[in-house]
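Alright, two takes on the same chain below, each alone as structure tokens: structure 1 and structure 2.
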Structure 1
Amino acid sequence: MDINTETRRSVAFIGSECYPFVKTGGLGDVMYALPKALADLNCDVKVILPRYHCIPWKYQEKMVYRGSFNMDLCADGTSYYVGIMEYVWDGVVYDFIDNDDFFTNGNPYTNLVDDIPKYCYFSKAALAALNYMNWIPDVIHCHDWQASLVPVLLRTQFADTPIKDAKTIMTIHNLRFQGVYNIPTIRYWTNLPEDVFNIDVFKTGYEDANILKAGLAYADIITTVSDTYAGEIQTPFYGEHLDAHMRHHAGKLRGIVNGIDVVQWDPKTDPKLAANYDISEVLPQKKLNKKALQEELGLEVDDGKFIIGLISRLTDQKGLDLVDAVLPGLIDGNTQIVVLGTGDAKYEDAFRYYENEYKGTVCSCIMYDEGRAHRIYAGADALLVPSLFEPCGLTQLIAMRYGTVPIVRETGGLYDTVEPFNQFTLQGNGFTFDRYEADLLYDAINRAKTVFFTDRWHWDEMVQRDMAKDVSWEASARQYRELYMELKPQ
């Protein structure tokens, strides 16, 4: 049936970050791009976010006051102000929950001592705001632990309020982060009854409560961001101590792979690039971007060099121990390495050390910089994503869109989105390795280099195949829409 004549679905997205207001990683990209894609599929979408102080003023000043009220929150009856500030953009309505007690610090996260109360407040305020605005969606789509109290509150404290008719979806973007804290603290900040602090809902270990676990138990449907990760999280290695819980709820668990916003990420129109290009001009134009990148970063300017990019949060999830192990071995006079990221001090220091050791060959940008990320995607030849685990991964998708060949470990969404180059059939989009071992990463990079240096014709064909690949949200947004239809048949 034509999507425009099908019943319209309304959905409220609740999550802790959203590009361009606030973003620390892929969750921010998804919270921006998926609602837009759903709006194009005839869905009515509201995105509910905290109004953090770190949101740039150019957005804050455009927000319009929608109302305010006081809300009871804590077990001792303490109540807090809830303001609603609205911003409408590109078919999507953004409602920001305003409260200075909770959202002044952090970028946007600080530490669990502050973050637990912050997101207990936010989850309840989001539901209360929907009731206040009298906007009762068909589906409430919650993202990661920061919004994971929503399904629980909906079926308990909000069970007799108008919002009760909504169904819930919990999407796991990263099972590692669960919002675990001691039971008394979480009981205090949620004022939930003792009986939900049992082993099937909140309780974890002897004395802790796990907010994500509880949300997963109460949600009508659980999704995660790739099919492979949906399977992996049911195993002890990837399950982050929740594998049994995931297996228990496997009947309502689905994997839907992420896409990227192909307007935001379009080498043909990207204003941040030195030279724009589409698939027909990629080979000459990419050389211009490569030159500009080498100049920008103080690398030796030579388009014959093989530039490997790495754009990542610097945490152990991202396979940086493997990179650390192989990096010196990659320095051969023909290879340059560009790192852009922030995170754990041990990785930041390691990359600073390599930049110093191999001046003009390795450049480590220990910073968060959107513009530079765009220029690395366009100017590098290959992008490294050797993750220990990767629920979906967006950097390999962006790389392909920019004609940059991904080198990835076969895990999670990396496995689902990068087809390994086959030297016999001459098909594939990138280079892959399976076990988490430095030698295998080294071997994958060397296979890439061999094709780049000795078989450029086939390398260039792969670059064009990558650009031709559909990495948009189109297909996956339709799958979410079908889920909304299933949850609320009419």
Structure 2
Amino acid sequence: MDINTETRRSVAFIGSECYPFVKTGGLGDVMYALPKALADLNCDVKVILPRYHCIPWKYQEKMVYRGSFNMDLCADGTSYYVGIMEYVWDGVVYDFIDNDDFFTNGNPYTNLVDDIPKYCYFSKAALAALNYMNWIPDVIHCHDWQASLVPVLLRTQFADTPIKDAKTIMTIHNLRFQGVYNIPTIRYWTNLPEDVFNIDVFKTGYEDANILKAGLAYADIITTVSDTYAGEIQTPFYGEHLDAHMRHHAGKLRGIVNGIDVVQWDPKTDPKLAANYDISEVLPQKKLNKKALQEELGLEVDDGKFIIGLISRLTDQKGLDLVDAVLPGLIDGNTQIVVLGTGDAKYEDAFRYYENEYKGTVCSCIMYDEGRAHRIYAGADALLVPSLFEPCGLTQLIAMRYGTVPIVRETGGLYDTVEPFNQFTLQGNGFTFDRYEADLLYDAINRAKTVFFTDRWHWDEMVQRDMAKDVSWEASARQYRELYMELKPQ
């Protein structure tokens, strides 16, 4: 059946960040790209976000006031103002919850002392705003712990309101962040009944409540951002102390891999590149981008060098202890390394040391520069993603879009999206290693270098396979749309 003749589904996305208004990580990309892709598939989509003061004024000045009301929130009856400011863009309606008590800090996330009240307020205000606007969604799609109270509130405090029949989906982008705080504080800020603070819903340990755990218990469907990660989080190693809870709710758990915005990330039209290209031009044009990158970063200009890019938050999760262990061994006169990112001081300092030690061979850009990221994707030969865990990962998808071969650890979405190169069948689109060990990372990089230097024909074929791979949101959006249809068949 043609998708445009099927029954339309209305979906409210509720989450704490969304590109281009405010973004700290992959969640911001998903909250932007997935609703846009769903709108193209004939879904009626509304995105509900906090109106942080850090949202650039060029967006704030175009927001239209939709109304306001006071809302009871706390156990002692304290109520708060809820304003609704609307912004419409690319077929998606963005409604921003306005309140100066909670959203005046410069950053969306500060510390749990402030964040717990902020997102208790936001979750309830988002549901109250839907009722106020009389916009009754078929599905409410909630993202990470900051929106995890929504399924609980919907089935308790909103059980007799117009939105009561909406189904809920909870998407886990990173299980590590859960919103854990003491029970009295969360009871005060939610005014939820005492009986939900039990071991099956909120309670964790002796006296704490876990907001994400409660949302997962109450949601109709749980998704996470790759099929492999959906399995991994049911194990103690990846489960972040919720593995038993995830196993209990495994029947409603699904994995759907993320895509990327292929308009924003398009080497054919990307204005940040030295030379644009598509799959038919990638081999000569990538050489021009490599030369421009070497010149920009002060590396020795030599088309024959193998450039490894690393674009990452500099944290333990990203496998940087492995990189630190193997980097000196990679310096062989044929290899150059480019690092871009910020994070833990120990890694920032280590990469600064390597740049100083290996001038012209290693460049460490301890910053985040969007334009430079684009140029690294276009100019590097390979991109390193050796993560300890990676729910989905976007950098390997962007790298493939730009014809840059990923070298990854077999975990989460990295396992689902990168097929290891097979020297016998000559298939595959990257290089992988399994156990989290420096020697195995070193081996994977050396396997990539061997193909690059001794079998360039098959390397170049792999580059073109990567560019041909569909990394767009369309396939993922169709899977989400099927979930919405499954939840609300009529």
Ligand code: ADP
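Because the structure is a prediction, the values reported are computed rather than measured. Structure 1 provides the reference sequence; residues are numbered from 1 along it. Under this definition, the rigid core comprises the largest set of C-alpha atoms superposing within 1.5 Å between the forms.
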Pick one: which is the form predicted in complex with the named molecule?
-> 1
Did residue 208 shift 2 Å or more between structures 1 and 2, C-alpha, core superposed = no
Kindly check if the Cα atom of residue 223 is displaced 2 angstroms or more between structures 1 and 2 relative to the superposed rigid core.
-> no
Residue 299: CA shift of at least 2 Å between structures 1 and 2 after core fit?
-> yes
Shift in Å of the residue 361 Cα between structures 1 and 2 [rigid core superposition] | 2.3
